[in-house]
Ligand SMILES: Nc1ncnc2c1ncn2[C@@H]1O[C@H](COP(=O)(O)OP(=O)(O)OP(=O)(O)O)[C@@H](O)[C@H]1O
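Shown below, as structure tokens, is a lone chain in the form predicted on its own; questions about how it binds or moves come after it.
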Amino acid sequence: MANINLDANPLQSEFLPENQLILNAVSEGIYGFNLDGNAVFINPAAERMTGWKSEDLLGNNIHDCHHHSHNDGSHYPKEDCPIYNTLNDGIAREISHEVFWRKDGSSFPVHYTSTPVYKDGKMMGVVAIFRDISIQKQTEKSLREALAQVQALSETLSSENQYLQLELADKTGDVGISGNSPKIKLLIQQIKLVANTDSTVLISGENGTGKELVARNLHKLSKRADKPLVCVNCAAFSAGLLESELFGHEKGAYTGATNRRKGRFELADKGTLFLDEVAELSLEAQSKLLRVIQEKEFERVGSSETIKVDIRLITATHHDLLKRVEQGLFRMDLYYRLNVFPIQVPALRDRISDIPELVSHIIQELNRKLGKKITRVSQQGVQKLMQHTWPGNVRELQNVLERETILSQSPVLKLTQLSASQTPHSSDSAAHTLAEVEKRHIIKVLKQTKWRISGSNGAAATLDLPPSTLRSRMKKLNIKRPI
């Protein structure tokens, strides 16, 4: 900023009538100060903006009138004021982050300059020129808020898109439940009774029975159907990663957290959160889950900001949760929070009469998925299916039919790949308990995978079980690798 050089001697004489016409016409406020820091000139615009009249201020040190406090109300000493600092050192200053105070006690944000006035190389005083930047500040605030909203929406859409892509990659077909057996009719009745409430549902059943299918139907029939259904397999994550998966994390929260990420609870806000294999949660994670259920709030990993959510919680497990409570593996208070409305999904061997309808439904889905034109399963094939014990339940039935569909060159499936050892006759069934049949099946798969349990080519993947679950079943059935 250039210095102001004037010709008259005292500073008051610098504001001559011909100059005052110009100074009075400008929209910026103007204060003139002599070397003692007292006001010697105040233009009409300054009076309009501050409410302080010339007769109130002329001849006085006016810092305590218009500049006595910071924006937060804290005291602003005159010694710190840029205008008076210019009087002391002759250095021009430009300020945009302070406020001036009106006579009525209110304040407004200002942009002002303090410029020294010289005559013959000698400083005669200071001129302060200011303008009200309330509209500018409000516009900047609105832009920042809008930008924050856009950024938050972008993060949400990015997170939801990533999640939905994973979901779509893993899901095919509709969410229909096939069958007319008494147990399936009871299951459907229970779903319809509780679907349109916000009650927490605990779905129990063996692996492969369709617990996630029940959860999807509960969401589809609920008042939250137009909001997201977010699914989490608790057995698929380590204890450390699961917390981040559920609650999200801030950038830098841990090694590898290069970006802020929303957790599944946040993505499920206003919708439904489905926690599959909830029994696999660590005791620490159970404690945090209990708090979210009780308080409806949580913090992201690495953040102290509390986030409130409105979700409907559905959980599922193939374990006996009450037994795990007795073993000290599951919190009793969490068990009672989850077990508000229990639903038991029947095993396929307990509803053999549903197999023909299930087969028809699955074949329709496989035709769409594989581009085939299978019309039906042969009568002999259906008999084989109804004689099988199905330790893997509906999931095993789907896998058998998919394999047969891929191999078939005919519109009629004959189930040539379902060997006699897989379809025990009634006499064989009577001779062996279900546990023995399951044990033989697991041992057979372990032999095929050379006793490899985990990994993409391991027995757990072949049986469509979590590795931890397979190890648990092996221990219970006393299955040991031969030496």
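What you see is a predicted model; the values in this text were computed from it and never measured. Numbers for residues come from their place in the sequence shown, where the first is 1.
What comes next is about the form predicted in complex with the named molecule, which does not appear here.
Distance criterion of 4.5 Å from any heavy atom to the named molecule in the model of the complex singles out S178 from the list S178, Q387, N196, S282.
Interface residue among R291, H111, H361, K192, judged by heavy atoms within 4.5 Å of the named molecule in the model of the complex: H361. This chain is displayed without the named molecule, yet in the model of the complex the stretch 391-399 from 93-101, 258-266, 335-343, 391-399 comes within 4.5 Å of it by heavy atoms. Looking at P116, you'd find every heavy atom of it more than 4.5 angstroms from the named molecule in the model of the complex.
When contacts are judged by a 4.5 Å heavy atom cut-off, L213 counts as touching the named molecule in the model of the complex. Although the partner is absent from this view, T86 stays clear of the named molecule in the model of the complex, with no non-hydrogen atom inside 4.5 angstroms.
In the model of the complex, the named molecule lies within 4.5 Å of some heavy atom of D276.
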